[in-house]
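Quick heads-up: it's one chain on its own, the form predicted on its own, in structure tokens.
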Amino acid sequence: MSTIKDITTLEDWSQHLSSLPPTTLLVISFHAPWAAPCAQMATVLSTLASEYPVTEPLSTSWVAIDAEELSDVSETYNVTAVPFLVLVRDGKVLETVSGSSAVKVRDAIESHAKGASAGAAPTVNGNGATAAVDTKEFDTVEDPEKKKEELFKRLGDLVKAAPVMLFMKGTPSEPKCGFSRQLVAILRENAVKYGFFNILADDEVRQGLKEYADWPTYPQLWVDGELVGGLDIVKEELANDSDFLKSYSVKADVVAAS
């Protein structure tokens, strides 16, 4: 059975890529040690990997990468949040899955793994013409309430992905608006250890979080799963209490460990 290999250096990453045949489906799991959903996803992927035998040539290859430790690799695949799954074959990205939905991850992997083994050959009629598949009978009407419920569950997991979560436009290294840039600067000045989500990369989250939080603008700062607010609110909190973010700082972690 297949297992997941931890990639810890750029050298390991380069060697692994060069060792793969062009037909191999490469399953890349980006994670972060502080994000609880990543631990859940690791269990899901480990179980899925065990269902795929080791073949010759290799049909699937499974790797795990710390998104923060190997940021160069993360940027290559536009990783803006964790957990984040990337499926690659012959250097080409086939599909990405953001979030901790085990169903979406399984479906994506099975879809592309089957594609390789089946050869993706079209069905042909007796007269030599390619058969057209009528998909109308498979069409289903999506329940808006169920979709909203699933989205809110995902958002509930996202806002708790780290003790301090910043939902911003862009990334900390490349903010896409002045308010996001200022809030990143405040967190850095206070040495706060935080997770972030680029809402420009996921319109479903961008629109849904406004309703979930009952807060119409970005950036949004969440602490322990509770909304603090935007830039003005964070500034106000710090003005009233300079130690507002102290317990979430890297310095606090050092003191706790000593």
Partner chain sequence: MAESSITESSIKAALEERLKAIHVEVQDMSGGCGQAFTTLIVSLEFAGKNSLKRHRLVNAALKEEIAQIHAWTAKCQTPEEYQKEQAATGGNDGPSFEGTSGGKVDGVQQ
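Since this is a predicted model, take the numbers as computed values, not measurements. Numbering follows the first chain given and starts at 1.
Only in words, not in the display: the form predicted in complex with its partner chain, which the text now covers.
In the predicted bound form, its partner chain sits within 4.5 Å of a heavy atom belonging to T217. Taking the partner from elsewhere, K246 is found to have every heavy atom lying beyond 4.5 Å of its partner chain in the predicted bound form.
Using a 4.5 angstroms threshold between heavy atoms, Y77 stays clear of its partner chain in the predicted bound form.
When its partner chain is considered in the predicted bound form, D203 lies well away from it, no heavy atom lying within 4.5 Å. Each of K169, G229 and D232 is positioned with at least one heavy atom within 4.5 Å of its partner chain in the predicted bound form. Note on the interface: of 209 to 217, 49 to 57, 62 to 70, 25 to 33, the segment with non-hydrogen atoms within 4.5 angstroms of its partner chain in the predicted bound form is 209 to 217. Along 157 to 187, a non-hydrogen atom within 4.5 Å of its partner chain in the predicted bound form is carried by K169, F179, Q182, in order along the sequence. The pair V105 and L221 approaches in the predicted bound form: their C-alpha atoms are at least 3 Å nearer to each other than in the form depicted. Between this form and the other one, the CA-CA gap for A35 and E226 widens by 3 Å or more, being larger in the predicted bound form.
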